[in-house]
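Below you'll find only one chain, the form predicted on its own, shown as structure tokens.
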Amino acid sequence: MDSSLSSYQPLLDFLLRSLSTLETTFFKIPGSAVVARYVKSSHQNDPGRTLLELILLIFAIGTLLQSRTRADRDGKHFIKFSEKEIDELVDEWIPEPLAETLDAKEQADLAAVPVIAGPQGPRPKLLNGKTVLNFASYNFTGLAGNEDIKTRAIETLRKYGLGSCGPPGFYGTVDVHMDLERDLADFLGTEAAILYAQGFSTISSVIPAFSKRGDIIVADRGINFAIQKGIQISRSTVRWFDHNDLKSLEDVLEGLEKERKKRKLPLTRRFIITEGIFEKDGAMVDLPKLIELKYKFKYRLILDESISFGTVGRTGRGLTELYNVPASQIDMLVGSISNGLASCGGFCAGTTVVVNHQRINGTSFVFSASMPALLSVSASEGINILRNAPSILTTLQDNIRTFRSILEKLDCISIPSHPASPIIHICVRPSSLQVPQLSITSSGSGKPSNPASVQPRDPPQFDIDGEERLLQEVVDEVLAQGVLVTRAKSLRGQEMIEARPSIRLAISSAFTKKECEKSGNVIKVALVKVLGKRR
């Protein structure tokens, strides 16, 4: 018996040493002590549970190790079809359509778009031969059709030809592009500026050029669609503040700072993104307060002045001129050459470092063909006109006040736009509708919105189809009287927050006061006629 035990002693010693080594190695793993305490406590309280967990662990390991690509070699689970049955199935298959057929409303929207025959301007002629007063296009300063600009554009066309045939980052840059960039930087008071050939692609290229995954963006919930796309492309961490509510912005910034200190998070790039004048409703941001918050919490500011550049301030320099704020305090000042200068594309102004970084990282700058030379010269000429003729901006503001004085008297509409905004949004008051109307006011809970969600706590609710139908009737009625206006268009279902339906008036300095009074009264009569019937 003793000889039998002695023969197994080396094996037992080996097993004991192995178990000891395994135990020592296990407890060197971080968190192993917690696991050991859990297993010991679980086994002591319920030994059967330990056995069950061991069986489940073995089953899980076996499942992971077995092949997931084993073929059914004998074909028992496959249905065999004849050639005739295969052909019949193929003939019966109906592929899913690439896009849904336009419904009646969408077809009506397309049919209602007017077509201009001839040059664009304040008094264009439509395809049906009717001349109208144009309050639909963004010809704010009346530069579209300016004779001096047309003369310079024709000269440039003869010298440079038409297209650039290449992106600026490779071989599409010509000297007039650099001239326009210098003109913009000098006009705004920044170190440098960079051109983009497409207005929409400007802000959607600027944002991801600087903000990447892991960086923080704090954005207004009312931003336009181009900014939304830029934020999505950046894949940054996004926090939202209530539309044009800088107290909400301050609360969000304070919350982020507390979270960073509590969780001991590393510092990363942080941006505030908003608009000067919001395209969706014409509201204007309080720039001095925004600058104050930027410096207080140490964020960089990306300001989209696509509407405010060329329309506010004594000479059209935008909010920086209106509020007497140095443009150097805005890290990235984005604007539209299409709107403010009646040309093409957009720009981003800032420091030389900011601009040069975009020349190798701005997707639209690197990959899209640069704007035609004649449009660059036209924009430079437009800047010269704004410098030398500040009366253009005075006339624009006078025309805005003329329109508002007529429309603000109506109790069937509301105007959310700022008094200085060149775009005036006209919304239908709920009391003007006979259709069932959901509440458009907040519940009054007083609780702040969740910064991690783009939706506010108490989102406004409205009948989109009903309001758009009424507003289109107004647009059609006004057009019949020789005034061209439009509903504010958006990509329904693609916007992060659906904008309230509205008629968007684009005021221009190219009109006389008498024309503005006449057009304002035409719109007023149409609103009363269409909305008054539904009280």
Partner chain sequence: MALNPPSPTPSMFKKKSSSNLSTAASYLSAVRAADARARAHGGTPTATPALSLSSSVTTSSEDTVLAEESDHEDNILYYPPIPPTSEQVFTTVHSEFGHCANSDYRYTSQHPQGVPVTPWLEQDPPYYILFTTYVSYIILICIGHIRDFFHKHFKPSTFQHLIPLQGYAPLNSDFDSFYTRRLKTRLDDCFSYPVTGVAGRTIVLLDRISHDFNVTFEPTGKRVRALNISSYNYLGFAQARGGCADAVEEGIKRYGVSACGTRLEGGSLDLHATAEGLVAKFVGMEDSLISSMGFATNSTIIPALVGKGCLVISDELNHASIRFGVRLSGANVRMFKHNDMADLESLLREVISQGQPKTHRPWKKILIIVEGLYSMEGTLVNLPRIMELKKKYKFYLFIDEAHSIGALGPHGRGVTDYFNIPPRSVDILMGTFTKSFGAAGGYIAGSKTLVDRLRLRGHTGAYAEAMTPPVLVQVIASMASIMGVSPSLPASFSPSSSSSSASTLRLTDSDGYEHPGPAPASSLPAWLDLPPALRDGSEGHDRLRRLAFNSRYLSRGLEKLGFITYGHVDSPIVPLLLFNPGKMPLFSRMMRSMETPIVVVVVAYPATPLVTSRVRFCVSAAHTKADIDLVLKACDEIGDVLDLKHRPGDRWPLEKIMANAIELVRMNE
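Positions refer to the first chain, counted from 1. Note that the rigid core is defined as the largest set of C-alphas that superpose within 1.5 Å between two forms. Predicted model only: the values in this text are computed from it and were never measured.
Another form, the form predicted together with its partner chain, is not on view; read the next lines as being about it.
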Open item on the list: Just to be sure I understand the contacts: of Thr395, Gln198, Ser248, Thr315, which is the one whose heavy atoms reach within 4.5 angstroms of its partner chain in the predicted complex?
Closed with: Gln198
Task: in the predicted complex, the residue from Ser338, Thr402, Ser328, Thr237 that sits within 4.5 Å of its partner chain by heavy atoms - done: Ser338
- [ ] Mind telling me which stretch in 406-414, 365-373, 281-289, 320-328 gets its heavy atoms within 4.5 Å of its partner chain in the predicted complex?
- [x] 365-373
TODO: Using a 4.5 Å heavy atom cut-off, state whether Cys344 contacts its partner chain in the predicted complex.
DONE: yes
Open item on the list: Please determine whether Glu106 contacts its partner chain in the predicted complex, using a 4.5 Å cut-off between heavy atoms.
Closed with: yes
TODO: Answer for Ile116 alone: is it within 4.5 Å of its partner chain in the predicted complex, judged on heavy atom distances?
DONE: yes
Task: Any non-hydrogen atom of Ala389 within 4.5 angstroms of its partner chain in the predicted complex - done: no
Task: Stretch 116-144 - residues with a heavy atom within 4.5 Å of its partner chain in the predicted complex - done: Ile116, Ala117, Gly118, Pro119, Gln120, Leu127, Ala136, Ser137, Tyr138, Asn139, Ala144
Task: Post core alignment: Pro95 C-alpha displaced by 2 Å or more between the shown form and the other one - done: yes
